[in-house]
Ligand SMILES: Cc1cc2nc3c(=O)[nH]c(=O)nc-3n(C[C@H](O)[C@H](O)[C@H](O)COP(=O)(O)OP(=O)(O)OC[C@H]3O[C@@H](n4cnc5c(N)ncnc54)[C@H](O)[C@@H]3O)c2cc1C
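Encoded as structure tokens, the following chain is the form predicted alone, with no partner shown.
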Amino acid sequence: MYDVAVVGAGPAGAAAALSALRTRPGARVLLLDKQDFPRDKSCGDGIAPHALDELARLGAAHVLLDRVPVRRLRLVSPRGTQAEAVLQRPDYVVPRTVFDARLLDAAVARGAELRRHTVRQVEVRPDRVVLDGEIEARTVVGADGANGVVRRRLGLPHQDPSTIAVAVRGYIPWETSDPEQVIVMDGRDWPAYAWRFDAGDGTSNVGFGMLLPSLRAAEHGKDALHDRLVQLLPEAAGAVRLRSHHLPLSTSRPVQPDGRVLLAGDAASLVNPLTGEGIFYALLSGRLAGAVAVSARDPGASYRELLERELGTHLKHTSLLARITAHQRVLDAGVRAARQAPGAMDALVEVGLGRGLITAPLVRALAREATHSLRPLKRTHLRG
């Protein structure tokens, strides 16, 4: 019998395996995935500083040693307001064909067993979990996505369609000596935005994402994703390896149940509703799940408490900010605030890419810019 069986060998699954083996060296850890690695995964490829911190905690920071740091960020609001910043800590842009394979290799080198296998059945017993009637483990970590078999077999509800985003991603040649991450927000169906994330190796990841209900209402269906991408980022016209994917935003998350089955990463709907960032959440949740899987009497209850402690307040703040910035005038004020006050930009980056909170300086900056933008409307109204 295995101590832990992890279904899904992406970042959340590999992190769970690394964490389990770091917590209990010599534990029997099985990683299951339906695909061979390296494999492509549709994503923006951004690895933010908090994700680097998680890699260090897992003993896997070496997977990024040869990558180019990206220190510049540019935001363009739906109304055209721009804000630029030099990040306090750099991001990295790493294709998932590279990042996922390296992280998985680190888990295998640590002692995890990797097997190509498509899991179809999950049977929970009092003292173990049985996969497909043949693989037994004391605890199972489901890291196979929001539509994966583990979440479905637990009987958890489907993701609310209003909290699912859909994005298309591709790659373009892009030579630059000063790589940056560019986010151009689309006022036509906000919340929606296009991005260009420079890898610093002569290529850039480009893409466009919007909420599923907006896509369903758009003309031309999924073609609207590519059309909107090129409208906002003309340089993306020749993008190759275009692939679309769903993002289960954390504004609608399943409750982690007690017991021996844990959900990590996308399977737990851990995707930032402001930015679509999910790698940091995947690594953090995988780390927590792997540790309690080999150490807790009731892994589900322990893991749920740890997630709440680590991310609970942050996720409440991201949900609140997502609702507030659904109003384009407020969002435009936020970008202006970020342009005027470095502290406001830092706070926005922390909330969007890490575990930051809505800070008092950010609220003051937003209020100041929002009040400023409303003054002409009030004067016009009084004249009428």
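Not measured: the values here are computed from a predicted model. Counting begins at 1, following the sequence as shown.
Beyond the structure shown, there is the form predicted together with the named molecule, which is absent from this document and is the topic of what follows.
- Each of G46, H245 and A264 places at least one heavy atom within 4.5 Å of the named molecule in the predicted bound form.
- Interface residue remark: G276 is counted as part of the site for the named molecule in the predicted bound form, having a heavy atom within 4.5 Å.
- Contact annotation: L32 falls within 4.5 Å of the named molecule in the predicted bound form, judged by heavy atom distances.
- Using a 4.5 Å cutoff between non-hydrogen atoms, A282 counts as a contact of the named molecule in the predicted bound form.
- Proximity of H117 to the named molecule in the predicted bound form falls within the 4.5 Å heavy atom cutoff.
- Comparing 309-317, 155-163, 231-239, 140-148 against the named molecule in the predicted bound form, the single stretch with non-hydrogen atoms within 4.5 angstroms of it is 140-148.
- Screening R39, R28, R329, R57 for any heavy atom within 4.5 Å of the named molecule in the predicted bound form leaves a single hit, R39.
- With the partner removed from view, the residue among V76, I135, L288, A167 that has a non-hydrogen atom within 4.5 Å of the named molecule in the predicted bound form turns out to be A167.
- Along 180-206, a non-hydrogen atom within 4.5 Å of the named molecule in the predicted bound form is carried by W195, F197, in order along the sequence.
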